[in-house]
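As structure tokens, one chain now follows by itself in the form predicted on its own.
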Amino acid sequence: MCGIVGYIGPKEKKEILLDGLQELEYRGYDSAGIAIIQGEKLNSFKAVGKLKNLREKTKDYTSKGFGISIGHTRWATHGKPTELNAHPHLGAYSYVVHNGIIENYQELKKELQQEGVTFLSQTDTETIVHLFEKYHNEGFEPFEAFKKTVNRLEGAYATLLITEAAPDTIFFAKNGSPMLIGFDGEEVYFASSDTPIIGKANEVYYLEDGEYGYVQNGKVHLFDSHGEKVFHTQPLIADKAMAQKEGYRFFMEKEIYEQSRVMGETMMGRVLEEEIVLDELDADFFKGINTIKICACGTSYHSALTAAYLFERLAKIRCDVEIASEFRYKEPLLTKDTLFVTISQSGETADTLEALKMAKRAGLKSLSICNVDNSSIVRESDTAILTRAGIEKGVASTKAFATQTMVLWMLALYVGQVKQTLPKEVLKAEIDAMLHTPKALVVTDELHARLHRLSKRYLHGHGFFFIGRDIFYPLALEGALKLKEISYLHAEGYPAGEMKHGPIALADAELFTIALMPKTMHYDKIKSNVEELSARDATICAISPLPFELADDFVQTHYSSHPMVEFFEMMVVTQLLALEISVRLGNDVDMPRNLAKSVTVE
């Protein structure tokens, strides 16, 4: 979720880069850096933290006259947020910036190290610049060396490379991560989105996956697998706020749509064909661990509840889940054979952080699952697994929940691997399901339009029940939370089998029931529970791959081969339904009343 800018032309490059990075700072603010070649001299500057630190570092530097330049603002995925890990990354005479994740970077790094290359950073990106220089040093012309480098990369990347070997040229490549080229006469701009170049360029070309090339003398040479190609630009929109949202009405809407892509980044390099690889964990990390205790708040608590089913079912290890604000005051019994896991989007959640400190004082081994490297919870934990969701601007969490749940699913399989409690054939089936998850997260126009139409029927009434069984019970809790957060309507999540133990007393035509009815898990049981509600005249919205004759409204899902794939598809439906109801009520979806993105107080 990092941000890239680039510029080739005669203007003051430093200011173009810094202004562009300012527009992209919402994508990452762990560190930032720029590199400029003017004449034949290469200059670079990096700083940790917010962009103002880089501005201060470069205040006495100017770069007038023709030159080439690249810049980057970082959201850490590999390595801590330090200057060494900040982009641009340096080879002997070249610099590179990169968004995305190079899936085979370890293989490439090992190969280069065996040839005597020294790596300065912990990042996957550094492999790109060293690989380029390896091929150039072998006698290939700069563009051929760059082309050979790109052909070796696996995974997602948007990358710019500049080199003293071609001081008038910027090399570029795009696969899986967004990047565009802007034009103003002979001046050429690069960026991760429109906002950095609005007011500077007047035409734009949005790069497609698999395209690469170079810019020289104001001309872009564009290539794909078939060779050099002709391309056509289009006018650049002038609304910066809309450009940041990339055409979506709200950041929350954009983030729901992003889930399919970021889930791929969460899994990249971790989910292999026959095993789960978590480089963050030492080989003996689970030695002596017999119990897992997860502590979290809000949405993160719901992902933890989902994980408890997975750890016990797949890894055959006991898993207890605690609400952090309650855990702190219950005088819990903590034994040293327990792994203490904390989950937080921001890594600054006060209750969760204090619970972690309690566990540390008791001598427990700790692991955090977080979206923000170098956050307080990550620093306090023995180790951390980053969710790689990227910046989430909507206060009501969506893609953070999805990626937290995926990391926990991966971790459950990993524990089953190392403890040898998970049969290989089951592991293979779980991995196959994981790899299908991004498709289940795709929002189709048909689905969104259906939920938009349905939403008008759910604006009034005396409340909502979201019901589900097994892993779909935590999803029901999360669906209810999303709705109440942004619509301000009363909603509860309930285990479907518990409705008859009291809550069914509320059932009437003005009680809306959102029923999660997966084909792969307890379908007949939950069908009976929904029939009980229907018999009391409750309004039923069924979400299921199987038509349900008693449903007043029915949203059909398509993936029914594995419970977790159904889980993620139904998650998207509940998120969009909450969004559309809230929009119809005229609420500010991104900034709901009374809430904050990072809860840093008790």
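This is a predicted model, so every value here is computed, not measured. Just count from 1 along the sequence shown to find any residue number.
Same protein, other form: the form predicted in complex with a small molecule, not shown, and the subject of what follows.
Comment: the small molecule is not present in this chain, but in the predicted bound form one of Gln404, Thr73, Gln259, Asn99 has a heavy atom within 4.5 Å of it, namely Gln404. Scanning Thr159, Ser303, Thr266, Gln345 against the small molecule in the predicted bound form with a 4.5 Å heavy atom cut-off leaves one residue, Gln345.
Contact between Ile276 and the small molecule in the predicted bound form is not found at the 4.5 Å heavy atom cutoff. In the predicted bound form, the small molecule lies within 4.5 Å of some heavy atom of Lys482.
Taking non-hydrogen atoms only, Gly298 approaches the small molecule to within 4.5 angstroms in the predicted bound form.
The small molecule in the predicted bound form comes within 4.5 Å of a heavy atom belonging to Val395. Residues of just one listed stretch (199-207, 290-298, 86-94, 308-316) have heavy atoms within 4.5 Å of the small molecule in the predicted bound form: 290-298.
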